[in-house]
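Just one chain follows, in the form predicted alone, and it is written as C-alpha cells.
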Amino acid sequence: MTVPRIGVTPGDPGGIGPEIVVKTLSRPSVLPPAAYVLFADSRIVAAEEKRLGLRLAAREWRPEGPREAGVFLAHVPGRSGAAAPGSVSAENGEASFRFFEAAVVEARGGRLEAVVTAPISKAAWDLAGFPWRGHTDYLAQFYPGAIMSFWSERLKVALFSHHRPLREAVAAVRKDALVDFLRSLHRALGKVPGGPFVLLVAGLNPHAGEEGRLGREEEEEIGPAVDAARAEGVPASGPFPPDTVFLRALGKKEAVVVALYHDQGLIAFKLDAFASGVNATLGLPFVRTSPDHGTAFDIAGKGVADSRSMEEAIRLAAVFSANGS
C-alpha cells in the first residue's frame, strides 16, 4: 500500500508543541497509515520523550528510500538542546522557523505530500529577526493565493485576511480583492474532499450594515463582490450579519463561512472546536495543517497539554493527501 509522506514540525521548543507532537506520534497505530517525518533537533525530541516517559522509536528519514508507514526523524540542528519551557526567546524562534523551513523545502520539492505544524510564537520569530507573522504568511511568499481556513466536525471558516491589525483588515475589504479571494477559495475547495461547498460571506458591520444605515461596505464592496463572483459560477451568497452567519453554517458539511478578518472568524470557531479544530492552508501544491491553538506557554512543560487538535490536524492532512489536494 502506498502511504502519504507527512512532515511534522514541533513548533516553538518553549511551548507545548514538542509535547503534543511526541504524545501524538508515540501512538502511530491510532493514526492513518503514513510515513510521519518529524523535522526537529533530535536533542529536543529525546528530552521530551524522557520527560513524558514515551518513546517514538523513530528511524532516520531517507527521502530517497521506499515509502513505509511509521515514524521517522529528520534531524534539524539548533543552537542548543532542549529549551526551558514557558519562555519566549530569539533562540526558540529561530529553531521553530528552521524546523518549518526544512519541512517546506521537502514539500516544495515533492518529497512530502503534507506538512503538519505545531504552534510557533510570532513574538519569538520577531525576536529572531524573521519578518513573517506566522506559517501562512511565510508560505504566501511562494504561493500568493494561500488561504487560511479552519475545519471542525461542525464548522468550516475561511479568512479573507488574518494576521493584520484591525484597521488594516477593514481597509482591505474592497470589491476587486474580495472577488479574487472568492474565486481562489472556490478553486482551492474543488480539490478538497467533502464538496461541493457553498460560501457564506459575512458582512463587516452590525446587521450587515442595515442597508447602509450602519456602514456602507456591504452596499459598496461586499455585496457587489458576491454578485460578481456568483456571476462567474462561484457558489457564494451574502453578505450575512456577522452575528448569525455562523449559525447558518453550523452542522452543514457543505457550508464554509467567509470571515473578513481574523477574530470575526476565530472567536466563533474556537468557541465551537478549540480542542479539536484544525487550521488548514488552502491553495498550496501540498497539504498544510496545524492545531487551531497557540503555544500555551503557561502550561508548557507540565505534561497536561491536550493533543487532540494535533491528532485531528494529522488526520485531516492524511485525508487531504489521499484526495490529492
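Computed from a predicted model, the values in this text were never measured in an experiment. Start at 1 with the first residue shown and count on from there.
Keep in mind the form predicted in complex with another copy of the chain is missing from the figure; the text below concerns it.
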If you check in the predicted complex, do 164, 243 and 262 all have a non-hydrogen atom within 4.5 Å of another copy of the chain?
yes
Partner-facing stretch of 103-111, 190-198, 125-133, 85-93, counted where any non-hydrogen atom is within 4.5 angstroms of another copy of the chain in the predicted complex
125-133
Does any part of residue 219 reach within 4.5 Å of another copy of the chain in the predicted complex? Heavy atoms only, please.
no
Is the gap between residue 177 and another copy of the chain in the predicted complex 4.5 Å or less for some heavy atom pair?
no
Report yes if any heavy atom of residue 184 sits within 4.5 Å of a heavy atom of another copy of the chain in the predicted complex; otherwise report no.
no
So, in the predicted complex, is residue 206 in contact with another copy of the chain at a 4.5 angstroms heavy atom limit?
yes
Heavy atom within 4.5 Å of another copy of the chain in the predicted complex - residue from 35, 45, 268, 278
268
Note that another copy of the chain is not shown here; using its position in the predicted complex, name the residues of 209-228 with a heavy atom within 4.5 Å of it, in sequence order.
210, 213, 214, 215, 217
